[in-house]
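Below, in structure tokens: the form predicted alone, a single chain.
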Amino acid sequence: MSWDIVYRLVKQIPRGRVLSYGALAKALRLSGGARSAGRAMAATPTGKGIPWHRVVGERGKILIREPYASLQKKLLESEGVKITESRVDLNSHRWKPDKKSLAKKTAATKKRPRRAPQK
């Protein structure tokens, strides 16, 4: 399965903001919900500029294991995100994708019209 739709939305999360796996899944209507979003983020390709560190668990919890949890915390703090006991302050740093962000997502994923079968 291609996770490009997920990565396009994650790339739109501004510096200093975060989105939860559940909110990501809800915004994109992913079947499987937050778990699917988690699988997509676990498969994030390197070198593509995808800010994987801006996606956190429910209630702002950093869910990934070490050593990446420390890296995620460090990257978020470098962007000004306040973290206490492995939790992001969602009241201050939650990002809500607007309709414009979601419109970009759907425009990029619309299927091309099928060609009529040749006889």
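Position 1 is the first residue in the sequence shown; the rest follow in order. A quick note: this is a predicted structure, and the numbers were derived from the prediction, not measured.
If you look for the form predicted in complex with the DNA, you will not find it shown, but the lines that follow are about it.
Since only the chain is shown here, I'm wondering whether R29 would be in contact with the DNA in the model of the complex (any heavy atom pair within 4.5 Å).
No, R29 is distant from the partner.
Answer for M41 alone: is it within 4.5 Å of the DNA in the model of the complex, judged on heavy atom distances?
Yes, M41 sits close enough to the DNA in the model of the complex that at least one of its heavy atoms falls within 4.5 Å.
Please check if E58 has a heavy atom lying within 4.5 Å of any heavy atom of the DNA in the model of the complex.
Contact with the DNA, yes.
When the contact criterion is heavy atoms within 4.5 Å, does G22 count as touching the DNA in the model of the complex?
Output for G22 is yes: heavy atoms within 4.5 Å of the DNA.
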